[in-house]
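The chain below stands alone and is given in structure tokens; this is the form predicted on its own.
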Amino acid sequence: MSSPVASDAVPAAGPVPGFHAVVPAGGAGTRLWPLSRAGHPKFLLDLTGSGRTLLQATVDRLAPLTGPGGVLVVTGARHAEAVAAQLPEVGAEDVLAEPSPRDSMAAIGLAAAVLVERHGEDVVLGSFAADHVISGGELFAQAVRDGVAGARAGYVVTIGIGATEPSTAFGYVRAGAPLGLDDAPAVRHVVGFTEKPDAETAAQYLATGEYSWNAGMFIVKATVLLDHLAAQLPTLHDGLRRIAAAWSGPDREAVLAEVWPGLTKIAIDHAIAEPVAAAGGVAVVPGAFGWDDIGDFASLAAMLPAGEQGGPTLGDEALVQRLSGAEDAFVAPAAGRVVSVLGVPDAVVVDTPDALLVTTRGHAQAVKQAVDGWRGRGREDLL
């Protein structure tokens, strides 16, 4: 996996005509508990030490490609105020607040429908998660530009991340023949998507050179996306179009209250990408830039540089003491207390004012068990 520390600036090549970026900002990031909470999830945090939150860095990366007013953020109602406060350049009218989580298809579909209402049927949208870390701004920008060319040719385009290891944490995209686009020769047909495979299968994929990681980045004409949605899930399509038609008017809240709770809860991968790929309608752009989804503390620890004591620190390294057998410990002294670690290889210690997590990198994927455990004991205040 790539290990960028902060997002590189996108070169000033100018905005892509007709392109709008959609940033779904949802999820609680339970594998990064207790730093990430339901009320203050990881996209609102600076996890790279760059001085910008993951959400802010995402918008910094996309804004040069869209131009002013070209970014929409879709987030939960409980996070809308914090999102707007972090992104004054986006504007409150471009922060779309969902009443409740309905997964990525509803979020991206709502944005597509609102964009068509506002800007007409030629809009191309690109959906990019709010909590990913990307380096290599020029390579990212080129992948987006190639993706827009594929989208204008009528395809749903995904950006495939160059797989560096046989990871079982990601889905895989298999590339086929080139589309034959003169202005974007790197764009290829997608043969299929595979959800997180086992280690042996992942190794086989990697050996072929035909597979890349599915990072959930999609570029598509808004009308093409909505047409596919109408064919696959017509009730969801109709509900989103109805909400979008009312979005800028006085009936928004009433329509949301009536329609939103009944919308199908499904990811865009299952709703659109997989069935449309099977019909030959999905393409892939190879993404050669550095990428990390910071899925757990092992991923975060590997991304951050080692300090003078050997291990990575998120926060004030002066508060951390690594002793024999714990030189590689990852420590986040977010409570402001001193932390000493002794004799625990690969230790992960996250100290916040109301919760302390002690684990190892090898158990990083299981941290959500702690969240489930406290929820089961009725400690909603910790979540």
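Numbering starts at 1 and follows the sequence shown. Keep in mind that this is a model prediction, so the values were computed, not measured.
Not pictured, yet referred to below: the form predicted in complex with another copy of the chain.
Undergrad: Name the single residue among 317, 46, 328, 60 that comes within 4.5 Å of another copy of the chain in the predicted complex, judging by heavy atoms.
TA: By the 4.5 Å heavy-atom cutoff, the listed residue in contact is 317.
Undergrad: Which one, 65, 32, 339, 54, lies within 4.5 Å of another copy of the chain in the predicted complex by heavy atoms?
TA: Partner contact (heavy atom, 4.5 Å) among the options: 339.
Undergrad: Exactly one stretch in 22-30, 38-46, 66-74, 350-358 has heavy atoms within 4.5 Å of another copy of the chain in the predicted complex; which is it?
TA: Stretch with heavy atoms near the partner: 350-358.
Undergrad: Can you work out whether residue 167 and another copy of the chain are in contact in the predicted complex, taking contact to mean some heavy atom pair no more than 4.5 Å apart?
TA: Residue 167: no, not in contact with another copy of the chain in the predicted complex.
Undergrad: Evaluate residue 50 for contact with another copy of the chain in the predicted complex, applying a 4.5 angstroms cut-off between non-hydrogen atoms, and reply yes or no.
TA: No - in the predicted complex, heavy atoms of residue 50 and another copy of the chain never come within 4.5 Å of each other.
Undergrad: Residue 373 versus another copy of the chain, in the predicted complex: is there a non-hydrogen atom within 4.5 Å?
TA: Contact with another copy of the chain, yes.
Undergrad: Is there a heavy atom of residue 309 no more than 4.5 Å from a heavy atom of another copy of the chain in the predicted complex?
TA: Yes.
Undergrad: Looking at another copy of the chain in the predicted complex, is some heavy atom of each of 95, 104 and 189 within 4.5 Å of it?
TA: Verified in the predicted complex; spot residues all out of contact, no.
Undergrad: Quick one: which residues from 364-380 get a non-hydrogen atom within 4.5 Å of another copy of the chain in the predicted complex?
TA: The stretch 364-380, when checked against another copy of the chain in the predicted complex, contributes 366, 367, 369, 370, 373, 374, 377, 379 at the 4.5 Å heavy-atom cut-off.
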